[in-house]
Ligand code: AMP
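One chain comes next, on its own, written out as structure tokens in the form predicted on its own.
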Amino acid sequence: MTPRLAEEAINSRLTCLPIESLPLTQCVGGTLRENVYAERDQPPFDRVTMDGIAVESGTLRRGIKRFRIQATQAAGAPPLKLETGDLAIEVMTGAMLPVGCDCVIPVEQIEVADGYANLNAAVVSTPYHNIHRRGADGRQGALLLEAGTLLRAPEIAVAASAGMARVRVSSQPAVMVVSTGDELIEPGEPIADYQVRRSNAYAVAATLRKRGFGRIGDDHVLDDENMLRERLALHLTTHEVVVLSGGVSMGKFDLVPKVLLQLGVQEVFHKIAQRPGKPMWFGVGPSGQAVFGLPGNPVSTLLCLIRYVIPAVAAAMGTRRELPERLALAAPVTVQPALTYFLPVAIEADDWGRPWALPRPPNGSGDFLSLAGTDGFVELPPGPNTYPKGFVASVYRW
């Protein structure tokens, strides 16, 4: 099972998450499930882009350099009308262009005294100078956002501009993060020499939250078959996605695959031809729950989460798929085994500002300390081979 085939196997068995209508303020990080169309032209009127005075450009071309200020046009007010060509209307940025005017002279190019504006020699008389024309950015009814768009700050602003107080988005999946193992001890608790800190669950939850997932549960289960079966049975009834860390390899206490089978979770695959993270397990529960069994070594856990779990959940939410980022290696890398190799990297710019992927190989899949200061990992083809500096590979960021 290659990484690409594993990805296809996961996506082909996912159940599309339901749709809900939410207030726009609650949709940041959500996936849009309807098209958004322009409510009206954008800008909806000829919009002043500089504080100054609005005049008729033909008057400027006739050589007139002094105008009596007729009135002031504020933003958010109905447009005034220029009474005669030798007058000017003071205007504010964002205001409607007064009727009869087609040119705005910025305050930096005028002097105002006793109700008159005197123009300096740098004034430009081009029609619609310093004016954002109506419909220049988009026309009424134009498609602004497509279903499948991830709603970030710019997309939220676009939806608001279209008058959308609520939008239809994918429901957030409830995700349960489960770590397994007798040796794991919570941060802050007393710890013995033969025990290790429970860190994987924190990395998994942080990754999910960073990508906008808010419904995240957490559990730690000892290496006890009955306890594991009882707790996983509960989680499968309350969560659409279960992400386990540990218990999926070939050891005596690697009980996760056995217990999941007892609970009616259908195994789709177990093991991927990759390093690290080869023992990864994936299955589908009786009600379509997605169950990911990630290897317990910290580097493997995080790599598999980024490479498979995050894209899978995004696909179930209807998020439009984006191709991975591609960067060149900043140094040669030798891959010995005939397995896809995931290599942590730091992304650094050269003297020309071009980004490069600098290899930062860990000291094995348990060396999570080496991940601090890295930006993600590259996916390199199976070996044996040496990939030179400049070899372009897909990059997955933390």
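Quantities reported herein were computed from a predicted structural model and do not represent experimental measurements. In case it trips you up, residue 1 is the first one in the sequence shown, and so on.
Another form exists, predicted together with the named molecule; not displayed. Remarks below refer to it.
Tell me whether 183, 196 and 254, taken together, all sit within 4.5 Å of the named molecule in the model of the complex, counting heavy atoms only. Checking in the model of the complex: 183, 196 and 254 are all within 4.5 Å of the named molecule.
Identify which of 319, 130, 249, 171 has a heavy atom within 4.5 Å of the named molecule in the model of the complex; exactly one of them does. Contact with the named molecule in the model of the complex is made by 249 alone.
With the named molecule left out of view, which of 179, 274, 73, 289 would have a heavy atom within 4.5 Å of it in the model of the complex? The residue from 179, 274, 73, 289 that makes the contact is 179.
Report the stretch among 137-145, 209-217, 309-317, 289-297 that approaches the named molecule in the model of the complex to within 4.5 Å, counting heavy atoms only. The contacting stretch here is 289-297.
Are any of the heavy atoms in residue 151 no more than 4.5 Å from a heavy atom of the named molecule in the model of the complex? Residue 151: no, not in contact with the named molecule in the model of the complex.
With heavy atoms only and a cut-off of 4.5 Å, decide whether residue 201 touches the named molecule in the model of the complex. Yes, residue 201 lies within 4.5 Å of the named molecule in the model of the complex.
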